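A single chain comes next, written as structure tokens; it is the form predicted alone.
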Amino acid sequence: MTAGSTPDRLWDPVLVQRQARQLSELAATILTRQDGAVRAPDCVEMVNRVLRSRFAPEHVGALVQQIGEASLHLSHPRYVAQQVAAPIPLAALVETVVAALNNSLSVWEMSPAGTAIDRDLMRAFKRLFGYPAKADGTTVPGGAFANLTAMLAARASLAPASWKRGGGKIAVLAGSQAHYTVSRAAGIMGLGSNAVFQIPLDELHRTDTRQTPAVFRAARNAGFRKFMLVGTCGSTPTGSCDDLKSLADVARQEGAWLHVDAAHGGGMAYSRRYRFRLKGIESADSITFDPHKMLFMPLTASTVLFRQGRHLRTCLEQHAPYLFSSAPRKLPDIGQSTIACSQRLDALKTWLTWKAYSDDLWDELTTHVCDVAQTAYDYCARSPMLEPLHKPQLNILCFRLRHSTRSAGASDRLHWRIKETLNGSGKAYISSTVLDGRRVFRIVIMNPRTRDTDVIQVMEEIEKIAAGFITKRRSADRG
């Protein structure tokens, strides 16, 4: 290569420092933003302008700024839509260092410092959930990978020959609000989606343990003799938390593997006020936990933990001498216990935040967002126009119009139009779901800087938009 060639320009220290300043300053602005539109009303036009853009390497910051302006702003206090967090700034900013190091945790010799940090974080999480010293865990890209890993380990335990021979006739029993990745994992593993048996919900939208005997009987009548029982703490639609202690009792009685999907609710273990929601989780054979939800980490940061660490170490172990060492080491080659081969140092942001601020930070933040959800519930309960559909167990609330339209279909369309109108205005951002067969509003408080006043403003905007639509409908009916 000659002087001034493309590689020389890419690594030119002056250019790299300039790009670093531009991008870090932009990131800081995004992370601390609290005003303006949650999503620009003209975001589609803005995106189209970005797609037509041309820029020089030294001006990359200007283009990325346009991308930011056309994006959804999760750090805005009136973003209350989905289970994706407004990230803690320190955790987001260190991601550039993770990318710059680009160490792969799959092999210890490729990431000696990263492997040690990952193991230290797993030790902390084992203590958090009351697991014994012989427990083990690993970082994975997301809750879908965590659920799949846990179910693979369950299959390896219940049907040891299945890894080599395939098959394994195992039923998966889960509440009807269990995450869709449970059924997807059953399909990926070759168990078949027909092997998934839904357990009805109780009046609190939790898995109804009173009905588990009947569902186990149905699975046995279908020819199954081995079982995984899945509990949920922080279901996606309503944030409901199963009675994990009762599910653990059922699992013991039935000889079932108990997996708890606490991807959303696991962070409550840090909350002195709400950690009771996780009572019984220490009895689970495996746990899914996503710090990129209630620990407010940027995507991705997920973990899967096993009460008996050997289940993790044996369910995916492979012979690959070009990567993994057979010589004993104090720290493992993590790639032998993860689905991913290219394992990013996702543990660093969570570990660094924990070291810098201690557990007390997450106690404060997780408790706060749940308290704000309670404020939204209280507002709906008093509102002549809005009706809460459940009392929030965590930071999620579903609600609807008290007096809607004449038909279910018209009501569903009205709720959707109100949601779309609000989101398109840029004043707030909410989501919706279907609950008991009807379209409803849904809010998820995922920004620790969202205050009671913010969520009240969101509710007031919904009421205002709804009143406008209802007035128009009445005028049309009279006309």
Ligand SMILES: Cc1ncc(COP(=O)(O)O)c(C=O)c1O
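The model shown is predicted, which means the values in this text are computed figures rather than measured ones. So that there is no doubt, residue numbering starts at 1 and follows the sequence shown.
Absent from the display: the form predicted in complex with the ligand. The rest refers to it.
- The ligand in the predicted complex is approached by Asp290, whose closest heavy atom lies within 4.5 angstroms of it.
- In the predicted complex, the ligand stays beyond 4.5 Å of every heavy atom belonging to His368.
- When contacts are judged by a 4.5 Å heavy atom cut-off, Ser104 does not count as touching the ligand in the predicted complex.
- Contact between Thr232 and the ligand in the predicted complex is found at the 4.5 Å heavy atom cutoff.
- Checking 195-203, 217-225, 341-349, 142-150 against the ligand in the predicted complex, the stretch whose residues place heavy atoms within 4.5 Å of it is 142-150.
- For the options Ser271, Thr236, Gln336, Gln393, the residue carrying a heavy atom within 4.5 angstroms of the ligand in the predicted complex is Thr236.
- Shown without its partner, this chain lists Thr209, Ser111, Ser157, Thr181 as candidates; in the predicted complex, only Thr181 has a non-hydrogen atom within 4.5 angstroms of the ligand.
- Along 74-89, one residue reaches a heavy atom to within 4.5 Å of the ligand in the predicted complex: Gln83.
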